[in-house]
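The form predicted alone is given below as one chain in structure tokens.
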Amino acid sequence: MGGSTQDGAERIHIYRTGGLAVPLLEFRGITKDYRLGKTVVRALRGLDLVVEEGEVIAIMGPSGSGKSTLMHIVGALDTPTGGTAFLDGQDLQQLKEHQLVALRGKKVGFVFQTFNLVQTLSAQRNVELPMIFQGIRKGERARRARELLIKVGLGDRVKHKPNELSGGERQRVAMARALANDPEIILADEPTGNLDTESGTPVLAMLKKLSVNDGKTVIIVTHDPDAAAIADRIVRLRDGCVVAVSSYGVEGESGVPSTGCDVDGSINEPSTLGTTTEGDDSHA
């Protein structure tokens, strides 16, 4: 990996909680620009973040803060315009598109707010889908899909289609599908956004167990304080920058100052935030 200034290294260090030689995710000075006609929209502005294996991280912030853009980069769905982004030691900017596809297929499992299940397929067949793209044989796919559905408490729903399941059950099918290829990272985008409290609570408990029991790294993008409550750290974004890192209910415990970063990645006082044109919710 390339070197950095001492100040930059210190800023990176305070986002670490473990002592691994190579963090699972390491972002330094990340920027992301989108061109809308003649206007350049900077959705991320010098963002630094390190995530260790087995952590549960909640990403929070208002609309337009850069949450969705960061999620896309973490999930290898997009690459940054500037800075460096390493996922499990691999530089995302150096990978070709087919390599990014292979990386996210093996390393990242996705859980979406709207479930994104195929309505014409059973729960088991929905869970099997990611394994098809990895070339796993039919019998092994079926066996693993059933095991995963049992793991999420749906062993009696394997043949049910999504319209025969409750919202909470559909999200649990989505979680089983996210685990299909045994990824290191579970990336959950508003996992409780379409659920009531009764349905959402077991979903959050399962996400926490994936970290505690299985050693998965769980990254939750959320507005929900209940979802943030299961996190080891809450990373708050504003105007495309990390402005605070805390443990739930102990704001500022990590010692990260509530400051923003300029377009070149340097730290500034909060009063300077928002001076750069920001994206709309499509780049939130």
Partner chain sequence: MLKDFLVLAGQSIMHRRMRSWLTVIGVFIGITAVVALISIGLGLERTITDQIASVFGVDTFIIMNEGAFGPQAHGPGGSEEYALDLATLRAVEGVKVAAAVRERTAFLQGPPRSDGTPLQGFFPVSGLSPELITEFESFTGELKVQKGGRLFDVGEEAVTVLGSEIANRFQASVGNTVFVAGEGAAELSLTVVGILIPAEEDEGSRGVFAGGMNQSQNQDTIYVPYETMDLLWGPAKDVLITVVRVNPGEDVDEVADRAEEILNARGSEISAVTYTDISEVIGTMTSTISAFLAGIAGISLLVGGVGVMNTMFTSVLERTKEIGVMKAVGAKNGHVLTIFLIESGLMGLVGGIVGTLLGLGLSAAASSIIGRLFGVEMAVVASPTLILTTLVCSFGIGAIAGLWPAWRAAQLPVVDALRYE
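Numbering follows the first chain given and starts at 1. The shown structure was predicted, so the numbers you read here are calculated from the model rather than taken from an experiment.
Another form, the form predicted in complex with the partner chain, is not on view; read the next lines as being about it.
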Do heavy atoms from each of Gly168, Lys209 and Ala229 fall within 4.5 Å of the partner chain in the predicted bound form? no
Is Pro130 close enough to touch the partner chain in the predicted bound form, meaning at least one heavy atom pair within 4.5 Å? yes
Any of the heavy atoms of Arg172 lying within 4.5 Å of the partner chain in the predicted bound form? no
I'd like to know whether Phe86 contacts the partner chain in the predicted bound form, with contact meaning heavy atoms within 4.5 angstroms. no
Is Asp78 a contact residue for the partner chain in the predicted bound form, using a 4.5 Å heavy atom cut-off? yes
Looking at Thr197, Gln94, Thr114, Asn213, which is the one with a non-hydrogen atom within 4.5 Å of the partner chain in the predicted bound form? Thr114
Which of 152-160, 201-209, 114-122, 86-94 has heavy atoms within 4.5 Å of the partner chain in the predicted bound form? 114-122
Looking at the partner chain in the predicted bound form, which residues in 83-103 have at least one heavy atom within 4.5 Å of it? Val101
